[in-house]
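Consider the single chain below, provided in structure tokens and representing the form predicted on its own.
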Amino acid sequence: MTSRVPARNGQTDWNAMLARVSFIELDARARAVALLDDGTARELCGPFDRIESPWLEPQGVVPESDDGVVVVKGVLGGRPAVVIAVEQAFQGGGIGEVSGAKAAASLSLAVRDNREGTPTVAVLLLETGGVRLQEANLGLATVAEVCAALLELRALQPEVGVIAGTMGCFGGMSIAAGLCSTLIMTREGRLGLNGPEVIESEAGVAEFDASDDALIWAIDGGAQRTGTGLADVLVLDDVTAVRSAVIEAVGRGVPGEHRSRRIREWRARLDAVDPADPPDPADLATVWAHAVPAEGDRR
């Protein structure tokens, strides 16, 4: 599913393009508030609560008083919602003990709300390189808690992930992205388990040239990930477009089968690719389309 560039009489409507408000250029707090209905946003564990990581300052890193994750409760299209936004400007969106705990606890509270009669949906704004290196195992443990909470909540209400900015979503949090009911991306967004720099450092430049921007977006970019079914909706970098896509995704409710449960389908797609002679990124969608098992035989 794609939200297209505004057009009029077959030509790009540049006035509409220039009138857009960039979602990418907002910080995490502004993104979260922009998604919610006007006047309904209420931040939990905000910066004045000074919930900081205790592990950064001893390692020479200045901590941030919300630890780089913003949690905002409110109303989204008339429905109770919690928005969890990762701030990419702090430590590259890295997840540590405190920030991961904030995200996991917020999802667990949404589960509680649902079970107590308040049908609360969750939106994750994912701009992260994965676990923060300074907190290593602590970060990994909290990412696991986030994934567990996502699995519990998605049986009750839809969870929408949004990957908008060029930081993208990598590492353990890319697994969290894959667990969402719906995943929305912009063309500028990126998604992958391992980042280009990590792949290059481990396997060499012949495996992945991390300086080749065209290659990176051809493989990890929003258009490619949506075209190959790893994400669901491709939207413009525009606050109104992103908000509309999120509300539409929430309105579709819990899917009959989540993407992460279609094991046989993904195994067939992997089997269709020869690692010694991989297809060009532009051809991958076609290769995978031919590899999909018959309906009813995807698990």
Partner chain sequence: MQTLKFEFPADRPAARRTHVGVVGSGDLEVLMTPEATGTARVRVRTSVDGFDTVWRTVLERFFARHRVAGSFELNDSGATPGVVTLRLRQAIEEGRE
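Residue numbers count along the first chain shown, from 1. Quick caveat: nothing in here was measured; it's all calculated off a predicted structure.
Just so you know, the form predicted in complex with the partner chain exists too; it's not on screen, but the next bit is about it.
**Student:** Although the partner chain is absent from this view, report whether residue 215 comes within 4.5 Å of it in the predicted complex, heavy atoms only.
**Tutor:** Because no heavy atom of residue 215 falls inside 4.5 Å of the partner chain in the predicted complex, the answer is no.
**Student:** With the partner left out of view, is residue 64 within 4.5 angstroms of the partner chain in the predicted complex by any non-hydrogen atom?
**Tutor:** Yes, contact at 4.5 Å.
**Student:** Contact between residue 29 and the partner chain in the predicted complex at 4.5 Å, heavy atoms?
**Tutor:** Judged by the heavy-atom cut-off of 4.5 Å, residue 29 is in contact with the partner chain in the predicted complex.
**Student:** Residue 50 versus the partner chain, in the predicted complex: is there a non-hydrogen atom within 4.5 Å?
**Tutor:** Judged by the heavy-atom cut-off of 4.5 Å, residue 50 is in contact with the partner chain in the predicted complex.
**Student:** For the three residues 208, 275 and 277, verify that every one has a non-hydrogen atom within 4.5 Å of the partner chain in the predicted complex; reply yes or no.
**Tutor:** No, none of the three is in contact.
**Student:** Only one of 33 to 41, 254 to 262, 229 to 237, 50 to 58 gets a heavy atom within 4.5 Å of the partner chain in the predicted complex; which is it?
**Tutor:** Among the candidates, contact is made by 50 to 58.
**Student:** Work out which of 87, 159, 135, 220 lies within 4.5 Å of the partner chain in the predicted complex, going by heavy atoms.
**Tutor:** Of the candidates 87, 159, 135, 220, 87 is the one lying within 4.5 Å of the partner chain in the predicted complex.
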